[in-house]
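There is one chain below, alone, in structure tokens, taken in the form predicted alone.
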């Protein structure tokens, strides 16, 4: 950065109509996401419209200052953490711009929340294909940047299969629209001296130069999200795309930007393909005696062409039974099960989906696969089941104490046939390191979410985290998999792209990064040249909190600090369609007025990122002031953060 932060903030204020926040509290509030990493930003800008986004890009280019696009900050891998000017799209840029049901697409701003888009589309008979567990607060911009997928990717693929066109701001501050281009159009776009012209010219060349290595080294998986999508630059029988992890089509640089984590361009608008909603849905819950037995059953289940096959292990199930708000929805589960597979079928009529359930049930009984089978056709019961599955992450993180099932190797994907052997290898790694994990994920596409129990407050445990990462990376490579099946590289896995893809492809990744971003100002340190994942941790070996004699009893929580640390950043407090939490965020759409924001500010003062005197400051009072003490967070947050009680103590 070439300029003093105060002067830089003034430059942004002159150029945009949105908000500019370079104060210490704002930096603290934006220094984390749903991951375990924490890096203080240079500042925060909150654009009101795409003209603001373009102006932000021009200022950043002029002063060579890093920028980082941010939506709901639900990243588990640290993509939205970094020393950059953060661009918060969620507060103002959350509109649906245009809908075309005849051609089946919608145009959106990047801050549109996934559930809100589906609510908008549902009366028209459509929905978004990818459906992540964080749908209540994940934004479309984040989903594009991450190449998100979700539970039904066996039918709908990932975001790359749905992004048709993007409007962008490039690293030199210029604007460009990327969409499908025919051969004649390519000839025209390659001519000229603009950055956009160079991108077309050189990207096509990269696809030709590295074609053989791309075809040889890229994992042949639907769920490959690691690295840049160089496979989209490969010619394939009159189309572009190797066809390993997406459907080939016309040349389209938008498909290269999908999953690039904001490292190549900032997206200000996107045209997204939508899908017709199924007429009828039904579930079969298959209970297993062991996790391995469940994984071994996947190939048999897939023969019946389900729309989803989702896995939860006994760790998840026990956590759900322990929570009253989930236990009341769990009457369908046989408590003898050590693993549960939720298998979903689509159809046109109820008899059709009932028949599909019955055929699978009879087959599994005959083969003695699983031990209990429960058909679920009632829509309300189905919704309860899916809600429990969606909350798997939060349920795991509700474990008490400093040892938590954290995300750092939680997203590998391997070919279906290799899943059982891969699972055994993964379990052996965790057993060797005494790091029991929770397992859940998208069994239908070979993507397992595995979260080892680690205490990041101990140096030995941080070292263990690094060792597990190294060993899992080697295991993933051995089985022809991807370190990320949907959560992306971020800080967690960027380091391992060279090992996964080889030196030549990694060199091509760096060439793409330098082509799009020669000054390295677009979310640096992600995908390539990533930092060590054991650095910049929210809780590290040197993490300490001051001791406070509280008026209220926090013994059950382990003290005031741990009561605040129960917030892991997953951002359920930002949901707006169901429940109570968090009314002040509903009113302001401001991170500061969410449960997560309040917890971050308090934790910063307790741990020394803010002076201890800030605990009783007017500024901290302002952070807590709009909390209504409604107790919505205590019931609805999966980790039961009780901000009302914490506020009582503060007052």
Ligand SMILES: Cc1cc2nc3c(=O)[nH]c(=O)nc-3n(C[C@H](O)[C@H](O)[C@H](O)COP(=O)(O)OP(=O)(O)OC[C@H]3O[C@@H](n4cnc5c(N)ncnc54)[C@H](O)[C@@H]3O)c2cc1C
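Numbering follows the first chain given and starts at 1. Small disclaimer: the values here were computed from a predicted structure and weren't measured.
The form predicted in complex with the ligand is left out here; the points below concern that form.
For the candidate set 439, 89, 251, 228, a heavy atom within 4.5 Å of the ligand in the model of the complex is found for exactly one residue, namely 89. Only one of the listed residues (68, 602, 60, 36) places a non-hydrogen atom within 4.5 angstroms of the ligand in the model of the complex, and that residue is 68. Stretch-level contact analysis of 95 to 103, 341 to 349, 256 to 264, 371 to 379 against the ligand in the model of the complex, using heavy atoms and a 4.5 Å limit, identifies 256 to 264. With a 4.5 Å cutoff on heavy atoms, residue 313 does not count as touching the ligand in the model of the complex; it lies far away. Interface residue remark: residue 143 is counted as part of the site for the ligand in the model of the complex, having a heavy atom within 4.5 Å. Taking non-hydrogen atoms only, residue 110 approaches the ligand to within 4.5 angstroms in the model of the complex. Using a 4.5 Å cutoff between non-hydrogen atoms, residue 486 counts as a contact of the ligand in the model of the complex. Contact annotation for 399 to 415: no residue has a non-hydrogen atom within 4.5 angstroms of the ligand in the model of the complex.
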